[in-house]
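Next up is one chain by itself, shown in structure tokens, the form predicted on its own.
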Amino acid sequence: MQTLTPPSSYNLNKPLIRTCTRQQPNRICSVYRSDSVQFQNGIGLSRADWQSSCAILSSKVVSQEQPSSDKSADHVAAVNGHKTSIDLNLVPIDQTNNKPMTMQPQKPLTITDLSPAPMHGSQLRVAYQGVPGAYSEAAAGKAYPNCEAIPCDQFEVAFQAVELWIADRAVLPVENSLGGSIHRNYDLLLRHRLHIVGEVQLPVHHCLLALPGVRKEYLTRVISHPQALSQCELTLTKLGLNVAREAVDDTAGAAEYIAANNLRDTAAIASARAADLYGMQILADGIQDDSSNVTRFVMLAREPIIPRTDRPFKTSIVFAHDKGTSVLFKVLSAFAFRNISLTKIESRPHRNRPIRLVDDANVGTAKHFEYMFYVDFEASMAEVRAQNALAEVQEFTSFLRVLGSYPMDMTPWCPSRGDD
């Protein structure tokens, strides 16, 4: 099947945007695709044909397994035997004016919002999860200065935005020095076919925000992303705040929610930029429990970059074995023997085969979890030692995939500050 790329003659410059039900403008709320869409010769279709053929769909992300007798009607993504069916709700097109028909209660995204990828040297469109003022937006700006940042309401939407050519890159968090790994994005890296093309590390500087005129003793709750709440737990206690902690989707979204609903008994943990954007006051500055609080983000693209050896590179892989974790030592030895340093190892339950049974007549039946292992190591796939290491790893594993080989973030590190 041919790659779905928009006709080059179209010059649709505005980013793909739909207003959310929570009145958050300029934010992508859901995107879907159908791999059954095909184009004659890939180009040369009329705008109406292009609109009718491409499905960019509907009001919320649905990514769950659903049985179907007609497999040709579903979009099925298969990774190492794991299949994921995605519900599709097609957008009807009015052929008289080449515009999508009105859908109630929400208007889906349409192909008229989709523009071709920018030419070399022009502005990149970069998807991130959250609303303006989120740390992910700052990471996107650090990774791609002067980019056009496109907010998405969910991590999966950011993945799909790149796959559908709505965005050219996605910048998403994978781990924090205090809160640990963002497991959702590790799972999505396996589910989607995007490639890691870079990384960026962002110092995180948390502030306690409230509406103007609100004093700390008036507060009854604090809302923010779960990671932000955990990163500020000790400081909130030291401030003497007897408040409930409630988790929301993102830090800047917490500030936006308070401002939109005029909540004078609620504070948010977010950035100083979020305070400026949503008219909040800063009650306490730098409330993270550790000043060395940094989040690592990865940059994702549709195509991998060519690995090089003229600068430090990092490579990310994921593997599994049908005999469980017993092969892990052999895999790690393949890297140790070649003096390749590992910077990260993360295990996630194998979604397609979560439980393994071991029968033994003497002791009964033991049940073990099956795992996928994510590994980052300091070497480029252009190096022979890295190629030989993966060749050896492949002998021990039933599944191996290179998620990306990309330049390491070598920018000087400093503790978080208020201007970050």
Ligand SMILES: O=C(O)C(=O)C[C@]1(C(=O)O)C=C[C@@H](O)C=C1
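Each residue number is its position in the shown sequence, starting from 1. What you see is a predicted model, and the numbers here were worked out from it, not measured in a lab.
The next section is about a form of this same protein that is not shown, the form predicted in complex with this ligand.
Problem set entry | Among the candidates V162, V204, V298, I223, the residue which, in the predicted bound form, approaches this ligand to within 4.5 Å (heavy atoms) | The residue from V162, V204, V298, I223 that makes the contact is V204.
Exercise. Taking this ligand in the predicted bound form as the reference, which of L236, L188, L283, I182 has a non-hydrogen atom within 4.5 Å?
Worked result: Filtering the options by heavy-atom distance leaves I182.
Problem set entry | Joint contact, V327, S347 and F399 to this ligand in the predicted bound form, by non-hydrogen atom at 4.5 Å | No: none of V327, S347 and F399 comes within 4.5 Å of this ligand in the predicted bound form.
Exercise. Is there a heavy atom of I196 lying 4.5 Å or less from a heavy atom of this ligand in the predicted bound form?
Worked result: So I196 does not count as contacting this ligand.
Problem set entry | Contact of E256 with this ligand in the predicted bound form (heavy atom, 4.5 Å) | Looking in the predicted bound form, residue contacts with this ligand do not include E256, since no heavy atom lies within 4.5 Å.
For this session: Answer with yes or no whether F155 is in contact with this ligand in the predicted bound form, where contact means some heavy atom within 4.5 Å.
Result: The answer is yes: F155 has a heavy atom within 4.5 Å of this ligand.
Problem set entry | Exercise: A320 in contact with this ligand in the predicted bound form, heavy atom 4.5 Å | Because no heavy atom of A320 falls inside 4.5 Å of this ligand in the predicted bound form, the answer is no.
Exercise. Residues in which of 211-219, 244-252, 144-152, 339-347 have heavy atoms within 4.5 Å of this ligand in the predicted bound form?
Worked result: It is 244-252 that comes within 4.5 Å of the partner.
Problem set entry | this ligand in the predicted bound form - contacting residues of 168-189, heavy atom within 4.5 Å | P173, N176, I182 sit within 4.5 Å of the partner.
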